[in-house]
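In structure tokens, one chain follows: the form predicted alone.
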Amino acid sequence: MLGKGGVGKSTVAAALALSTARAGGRALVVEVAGQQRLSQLFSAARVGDDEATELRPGLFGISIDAERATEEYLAGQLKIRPLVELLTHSKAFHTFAAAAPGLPELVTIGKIWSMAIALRPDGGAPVWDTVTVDCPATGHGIALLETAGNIEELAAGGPIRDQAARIQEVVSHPAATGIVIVARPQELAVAEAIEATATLRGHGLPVAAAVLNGVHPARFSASDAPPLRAVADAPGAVGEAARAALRHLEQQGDDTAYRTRLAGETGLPVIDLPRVVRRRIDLPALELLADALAQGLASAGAAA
């Protein structure tokens, strides 16, 4: 899940995972970069990075901390626990790790990859039916998705390059990965979504769909405009209601224009999510969005 900051990307990621769980699947939603949005959305205890936390039946969440993921990676590579502990408790090492090009992103995407390919010990079936990743905002999110391919291309050889190649194979395969671009019906968000789609495709990464989040309900049609204008200047409640209706009709038109532009310039199926007015996004709101996502994905699949 990728998009400009503030477009509701975390909410859409949670709703998408919830739709899988409500359909009987086993879904994992992953947040990165210390976002801690899942705990807020589901009113749950803090979602940690040690193991997945069950948020709802069939729905689990985990938060990946780059430093902790780096420690796990070193433990897997070095096999000598005292040396790992010596390194990870060193201030100099943490300074190096934060500055090393691509290292935090590689260990983060590597942990996501390991969860995505995990199999159950009893029968070899995947542990998760879907793994939904709430990426950072667009620029950092693209960097995260491109990391394995960049390291595979640049590294001369060795275990890091081999692991990067395995990760890149999954990230770039359209049967395994589908990147969903989230935007609001606003100029900057839609422009950034179009640019991100082109960038990802330029690097061979599979963009599957776009979500237009916060679409106004279609309450009026163009034929309603003339009679509304005729009474817009009337005094009192009648005029006020007519002016509010005209504003809503204008917003509907803007939403339609942005949807048309997003679909036309990306070639992606665009799924509308309704504008949800809440003091905070709660479970009923997530369920509403999950239903809309499930219907939109079904329609997109039927049209493909």
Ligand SMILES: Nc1ncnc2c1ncn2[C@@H]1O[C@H](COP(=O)(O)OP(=O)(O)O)[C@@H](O)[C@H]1O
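All of these numbers come straight from a predicted model, not from anything done at the bench. Residue numbers here begin at 1 and follow the sequence given.
There is also a form predicted in complex with the ligand; it is not shown, and the following applies to it.
### Query
So which stretch, 235-243, 50-58, 275-283, 22-30, is the one near the ligand in the model of the complex (non-hydrogen atoms, 4.5 Å)?
That would be stretch 275-283.
### Message
If we define contact as a non-hydrogen atom of the residue within 4.5 angstroms of the partner, is R184 a contact of the ligand in the model of the complex?
### Response
Yes, R184 is a contact residue.
### Message
Even though the partner isn't displayed, in the model of the complex is R259 close enough to the ligand, meaning a heavy atom within 4.5 Å?
### Response
Close contact is absent here: in the model of the complex, R259 is far from the ligand, nothing within 4.5 Å, heavy atoms only.
#### Entry: is_contact(L289, the ligand) in the model of the complex, heavy atom dist at most 4.5 Å
Heavy-atom contact with the ligand at 4.5 Å: present for L289.
### Task
Considering only heavy atoms, tell me if P206 and the ligand come within 4.5 Å of each other in the model of the complex.
Result no; P206 lies far from the ligand in the model of the complex.
### Contact set, 5-19 vs the ligand in the model of the complex - heavy atom within 4.5 angstroms
Heavy-atom contacts within 4.5 Å come from G5, G6, V7, G8, K9, S10, T11.
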